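Okay, so we've got a single protein chain in two different forms coming up as structure tokens, structure 1 first and structure 2 after it.
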Structure 1
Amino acid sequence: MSANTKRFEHLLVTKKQQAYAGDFLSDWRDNELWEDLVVGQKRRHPEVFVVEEEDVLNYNRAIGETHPLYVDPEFARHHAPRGTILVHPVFTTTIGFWFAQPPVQGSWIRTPGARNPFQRIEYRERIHVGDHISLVQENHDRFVRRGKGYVTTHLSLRDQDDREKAACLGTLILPLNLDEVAAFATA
């Protein structure tokens, strides 16, 4: 852990959190830059995100869910359709950030100075604990609006049978070039 992450290090308790590259101020030079993004570039990430109960519990609790189907694994074992706690729909955020550790495509999502203007997520099927999620990512658009650089990516989250679980159109406003990123990162 670095000085940048020490303050919240006690919150990183799951296996994924503890293994995650969590210091966004130390590896910013490895992130993709807005000016270098190639629209249409598409790749399947080689890693697989295994949806663990602890990941889902952590997310559900963080957004204040109290329903036992979200936060009580024992209750869910008896009452949930699959016998596992339910996954909140916006848990796709965790999956997206896990896949974006630099220097992979999509690492711009971690850029210091980035801003989030709008997001769209379409769900084909529920994500469940135990699913093995893979990611196909395509740079969907890159544009300037009112002098600000926007990038939109299309994320296809696919399960162990390669069925699409969710499709996300994620947009961020990014610093336009390395100098602008550096100004934020070294502030």
Structure 2
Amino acid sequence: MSANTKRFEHLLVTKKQQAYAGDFLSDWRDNELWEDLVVGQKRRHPEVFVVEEEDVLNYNRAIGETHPLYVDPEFARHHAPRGTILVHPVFTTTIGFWFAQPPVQGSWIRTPGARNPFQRIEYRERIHVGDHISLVQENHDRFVRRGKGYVTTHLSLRDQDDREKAACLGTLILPLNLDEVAAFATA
């Protein structure tokens, strides 16, 4: 575990946070590599992210949310449309990184040395506590420009009824191979 990861360990309070492989430098050899990504391959992640109250509550508090519909479960039970605390739209980022744990698909997102020149997230429907979120991912393009590896991917977060909750189109610049990743991971 890196010193930076250890420094923030006390902030990991939910079951998912404590089980999350959050040290991107300890497992970088297990990530998918740019050179292994297949364009046009559509994959559904084998895991499902169950949105639990503790996940949402901890996230909402961490981003500084103060409205009681977001941070007070008792208030939300009496005043929210579904009787649960509200999920902040940017919580989708948390879900996305949860799915990106190695060695399964999409782990290339957490590659040391990755840079994010572009992304667009569209929210279709609100995510709620109790939703079972699946991830469907398709790589649209993979190319080299100025000696750097680029990949453009489409992510679709879908609920238990297969309704799309959010879609993300993003491009990452990645090291081209394991040797280039190692240069970032061991610097």
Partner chain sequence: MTTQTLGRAASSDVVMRPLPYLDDLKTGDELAPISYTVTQEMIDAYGAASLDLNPVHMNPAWSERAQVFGTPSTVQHGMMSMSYMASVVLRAFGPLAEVTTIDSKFTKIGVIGAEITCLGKVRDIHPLGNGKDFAIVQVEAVDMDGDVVGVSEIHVRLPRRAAQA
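C-alpha atoms forming the largest set that superposes within 1.5 Å between two forms make up the rigid core. Structure 1 provides the reference sequence; residues are numbered from 1 along it. Keep in mind that what you see is a predicted model, and the values were worked out from it rather than measured.
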Practice item. Looking at the two shown chains, say which is the form predicted together with the partner chain. Key: 1
Exercise for review: For residue 176, decide whether the Cα shift between the two structures is 2 Å or greater, given a superposition on the rigid core.
Suggested key: yes
Practice item. Please check if residue 117 moves between the two structures, taking a CA shift of 2 Å or more relative to the superposed core as movement. Key: yes
Exercise for review: Align on the rigid core first, then pass along the CA displacement of residue 34 between the two structures in angstrom.
Suggested key: 2.6
